[in-house]
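Coming up is one lone chain in structure tokens, specifically the form predicted alone.
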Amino acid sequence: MKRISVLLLLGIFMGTLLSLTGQAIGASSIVVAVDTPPRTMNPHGSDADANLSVMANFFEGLLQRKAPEGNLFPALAVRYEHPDLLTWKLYLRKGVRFHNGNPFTAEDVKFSFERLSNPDVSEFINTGKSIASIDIVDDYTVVIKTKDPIPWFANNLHQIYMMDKESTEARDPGEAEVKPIGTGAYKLVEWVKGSYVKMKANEDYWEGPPLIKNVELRPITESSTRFAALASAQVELVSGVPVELYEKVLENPKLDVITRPARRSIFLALGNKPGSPWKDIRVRKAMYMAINEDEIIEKIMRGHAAPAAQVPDPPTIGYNPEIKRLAYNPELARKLLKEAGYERGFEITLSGPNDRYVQDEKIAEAVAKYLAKVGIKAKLDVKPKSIFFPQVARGELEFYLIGWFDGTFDMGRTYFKLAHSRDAVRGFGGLNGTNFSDPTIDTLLEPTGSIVDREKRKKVLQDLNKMAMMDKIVWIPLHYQQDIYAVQKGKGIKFQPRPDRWIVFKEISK
């Protein structure tokens, strides 16, 4: 009798488990695999795209960007005014509640922005330091004044997430790292770091309950394992389809492939330390012309990239279509090196990540080989992104491969971060990892902070961009990536990739 009871209970348990499994992959649920796991559930604790993407489901900014073009729309603010260069007056949405039931008010906005400047909990330090004052007019009106003009201030509001002042102050800081309380379309069910994130629909969401009710997000960093999970129907949507597996996915009759041109450019940052060979513009041109980017796209990227002549992408203010790539010409590169006094070449260390961008290590290896053909000995120093990016932030490198797209769609912000001389006091050059410094660029760039007229700003930044890329060769551009996704056929999944690669589940249906 005891054995029969155990078997009976086991049968009931297995039936229940199968039933729950069926629910988990039903019409109102989705299982998604991504290539990078979230680091934290603190919405200010990481400015990495992978983290911001997950946070966008739990938290919201005052504005939001929507698929497919990434245009700005109202979110927790219904509108804003910009009466002068330093002032932003925001009118907040009424009737919004956090996941714990607390109402969203101006107090939460003030708290969230002030929290940005705390290095213990925030990677948005520069944004926090840029704020001069935050004044509450009433529960649903707030006035933010910046220390200096920031033309892209509103463009950044979609990724400055609002937190609940009351519960965040009451909780241990460590709890905020693992249990998000936002106003977003989803609530956290469970997070097992490195394994999965489970979330459920916020039925009281101000835009209306999302169509997908249950979500499981699985970070699978190894590309072949990610593909296997998709091919075996363990997951229904995959981001970051590796280029080397693209044909396999395409040939699988059970799968659909979705692609879009990525905003991210891949380029080489190069310092200009006085006395170094690469201080000489002839050397910079030679290094640029020694690299066969068409071959990189064909053989390493398998055609899933487009050549770049600059770092900003076409949707970014300041992108200049007049800038053209220097043609691949190793013979002219050798001639330029000889003219500069480096006929026998020189040595340089080429750094980069080996786990961040599509084929990043292989691209770095190819660049080193191309440079070797013109006599430049590039010592490779590729490493995990967890080691590489802190070195960039500390300005410890001389030459490295990196990727970038500007979330504010403004080239001025890009240049202030990546090309302006490092200035910790003013917050300039924070990601200028080679300590590149050019007084002309600094002098031309700084006044752009007060230009808010869109057309005038576009023209000034385009001119600056052209001078920097053609006369100075601040960076050596390589290509724009292509974003590749795959979905299970026959599931009715309606998914439009976003330009920022975020996966926002309220935008998906099935």
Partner chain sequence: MTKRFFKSEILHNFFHDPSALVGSFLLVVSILAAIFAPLIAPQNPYDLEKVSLEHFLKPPIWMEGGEGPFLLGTDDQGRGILSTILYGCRTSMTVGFGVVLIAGTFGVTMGLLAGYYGGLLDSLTMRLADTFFSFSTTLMAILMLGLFKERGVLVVIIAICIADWVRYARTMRGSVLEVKEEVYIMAAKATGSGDFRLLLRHLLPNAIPPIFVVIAVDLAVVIMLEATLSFLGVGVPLTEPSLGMMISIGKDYVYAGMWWLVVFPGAALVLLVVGINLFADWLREELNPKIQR
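Note that the structure is a prediction, hence the values are computed from the model and not measured. Positions refer to the first chain, counted from 1.
Another form, the form predicted in complex with its partner chain, is not on view; read the next lines as being about it.
Taken together, 223, 244 and 302 are fully in contact with its partner chain in the predicted complex: each brings a heavy atom within 4.5 Å. The contact with its partner chain in the predicted complex, taken as any heavy atom within 4.5 Å, belongs to 365 out of 207, 135, 365, 438. Contact with its partner chain in the predicted complex, defined as a heavy atom within 4.5 Å, holds for exactly one of 369, 338, 110, 282, namely 369. Residues placing heavy atoms within 4.5 Å of its partner chain in the predicted complex fall in a single listed stretch, namely 293-301, out of 96-104, 138-146, 272-280, 293-301.
Not displayed here, its partner chain is kept clear of residue 166 by more than 4.5 Å at the level of heavy atoms in the predicted complex. Taking the partner from elsewhere, residue 227 is found to have a heavy atom lying within 4.5 Å of its partner chain in the predicted complex.
Using a 4.5 angstroms limit between non-hydrogen atoms, residue 248 touches its partner chain in the predicted complex. By the criterion of a heavy atom within 4.5 Å, residue 327 is excluded from the residues contacting its partner chain in the predicted complex.
Along 367-389, residues 368, 369, 370, 372, 373, 378, 380, 382, 387 each place a heavy atom within 4.5 Å of its partner chain in the predicted complex.
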